[in-house]
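The form predicted on its own is given below as one chain in structure tokens.
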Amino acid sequence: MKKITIAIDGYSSCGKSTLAKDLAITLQYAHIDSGAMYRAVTLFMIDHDINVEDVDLVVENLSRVKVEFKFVGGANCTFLNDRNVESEIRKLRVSEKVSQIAVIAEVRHAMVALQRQMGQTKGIIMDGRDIGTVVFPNAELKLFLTADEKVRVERRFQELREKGHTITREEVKANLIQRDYIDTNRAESPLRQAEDAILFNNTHITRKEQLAMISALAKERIKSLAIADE
């Protein structure tokens, strides 16, 4: 069966990674969480007391960072220098600073190069903020997710609470607003919808409904491209 590259972009807490993981299982594709890569870099800087606002110092230490994805217990986990950090990178202390790391050109160049290397064989789904515009501009299927701010805040709040984090909705909202601003206004690869991306608002649909709609769309795209190649 023909394999394609699927790029999923969108704002924070719109369910990009959730959709990517579900879709990867359905299509039996590999899933690469690009956001986790920037979070891993951020965690390294935090753990080594490196000021994320000191660009020169961050770049100087970038060569000390190795990010990989490995399957552990049936789940795709992020490894930082051979350590499973999947849980740690989702904490608020990382969320509060990841956008500051992601605006640094040298960091983005390093991560994009790694992402492209991971995606050379097709049959992958990658989610992030510049996948369809920068990392894989020729992806056969591009999606741009969005949702109402109130819904995004609630989703993120419940996710953190379920993981045992003590946080208020006001703190979550402030973090989302800050990240949206930084992501859309940064000079290097800002968040924007690719011209050929399909806009998908999931405010009022369930995870199951979303997967059904997107998987049908993906399978139709794969089928049409396979026919075109005949």
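When you see a residue number, it is the position in the sequence shown, counting from 1. This structure is a prediction, so every number in the text was calculated from the model and none was measured.
What comes next is about the form predicted together with cytidine-5'-diphosphate (CDP), which is not displayed.
Participant: Would residue 31 show up as a contact with cytidine-5'-diphosphate (CDP) in the model of the complex if we use heavy atoms at 4.5 Å?
Facilitator: Judged by the heavy-atom cut-off of 4.5 Å, residue 31 is well away from cytidine-5'-diphosphate (CDP) in the model of the complex.
Participant: Just to confirm, residue 38 within 4.5 Å of cytidine-5'-diphosphate (CDP) in the model of the complex by heavy atoms?
Facilitator: Residue 38: contacts cytidine-5'-diphosphate (CDP) in the model of the complex.
Participant: Does at least one non-hydrogen atom of residue 116 fall within 4.5 angstroms of cytidine-5'-diphosphate (CDP) in the model of the complex?
Facilitator: So residue 116 does not count as contacting cytidine-5'-diphosphate (CDP).
Participant: Determine whether any heavy atom of residue 99 comes within 4.5 Å of a heavy atom of cytidine-5'-diphosphate (CDP) in the model of the complex, and answer yes or no.
Facilitator: Residue 99: contacts cytidine-5'-diphosphate (CDP) in the model of the complex.
Participant: Can you tell me which of 117-125, 101-109, 79-87, 136-144 lies within 4.5 Å of cytidine-5'-diphosphate (CDP) in the model of the complex, counting heavy atoms only?
Facilitator: Heavy atoms within 4.5 Å of cytidine-5'-diphosphate (CDP) in the model of the complex occur in 101-109.
Participant: Using the arrangement in the model of the complex, list in sequence order the residues of 1-26 with any heavy atom within 4.5 angstroms of cytidine-5'-diphosphate (CDP).
Facilitator: The stretch 1-26, when checked against cytidine-5'-diphosphate (CDP) in the model of the complex, contributes 11, 12, 13, 16 at the 4.5 Å heavy-atom cut-off.
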